[in-house]
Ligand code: NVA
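One chain comes next, on its own, written as structure tokens: the form predicted on its own.
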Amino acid sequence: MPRHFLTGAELSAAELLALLDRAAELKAAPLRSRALAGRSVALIFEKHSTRTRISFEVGIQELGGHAVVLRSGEMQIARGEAIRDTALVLSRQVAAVGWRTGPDEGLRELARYASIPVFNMLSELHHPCQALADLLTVREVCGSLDGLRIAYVGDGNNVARSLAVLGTLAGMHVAVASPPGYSLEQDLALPPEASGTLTLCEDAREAVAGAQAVCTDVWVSMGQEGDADRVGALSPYRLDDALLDAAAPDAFALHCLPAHPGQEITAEVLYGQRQRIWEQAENRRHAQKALLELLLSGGEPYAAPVDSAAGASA
């Protein structure tokens, strides 16, 4: 059976920590793995993308593989071809497939019928690849994740949900502050092995108290343009220096990007010294390479010989 990565909950706690270890190794030596040599990976983009596309394309190339970029509007699926048929065709042509999409039902159907790994590059409910990069970044700064507090302020969206799932699986204490009507579901299912905790609240300062990292995301996501009520409801959740001052000493800001300075985050924080946002964006590539190794090895650590001629860095 193929390993899929749709929500992040497919990983065990040990697998998640091993994946982050491997991501750190691949960041230190980006060309050390040839796990995708002679193999192709399909990347289906139904939604616009900058970081996801470039990090997966470059990462697949660094692993020795070839990225086949497919825009859903150019595929037969846009003309009514069944997702099941698409899954059956792709399974005979490529080693894995990622989809950046809307409703999660289509992603789950693709995984149901594919005989190759399917991974979520973004969906309506989940953004697990982003959460992997978030955790890798926090671990780089703090040294460990177990017992750390991480806060998210703003819309309780797919980014917040994935941070809750994977953060608690890593043993972190995740606090999410959102206004009424924009919060995560109270009964959000966490992974069975989650040793961390999830706190949902309305007060942003309450959420960031004691947090080593404070995360945010745009107030208006793709498909929500024109919703003026969102901006009004979320304006008290702007990530600024005053909010960082309420967090732990030396707390830093994270943002999955793209950012809108002056809305969900101030320009002073976005481009200042109290953030790790640009490292976070880079870490998408390294975390996703480790994920692809895991998925394409059937869950076993990648153990192919290292090609010393490939060089130790990019």
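Please read all numbers here as calculations on a predicted model, not as lab measurements. Position 1 is the first residue in the sequence shown; the rest follow in order.
A second form of this protein, the form predicted together with the ligand, is not displayed here; the remarks below concern that form.
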Of 81 to 89, 112 to 120, 205 to 213, 150 to 158, which is the one stretch near the ligand in the predicted bound form, taking non-hydrogen atoms within 4.5 angstroms as near? 150 to 158
Tell me, yes or no, whether G272 is in contact with the ligand in the predicted bound form, where a contact means a heavy atom of each within 4.5 Å. no
Please run the contact check for A175 against the ligand in the predicted bound form: heavy atoms, 4.5 angstroms, yes or no? no
Looking in the predicted bound form, any heavy atom of P258 within 4.5 Å of the ligand? yes
Wondering, does V218 line up within 4.5 Å of the ligand in the predicted bound form on heavy atoms? yes
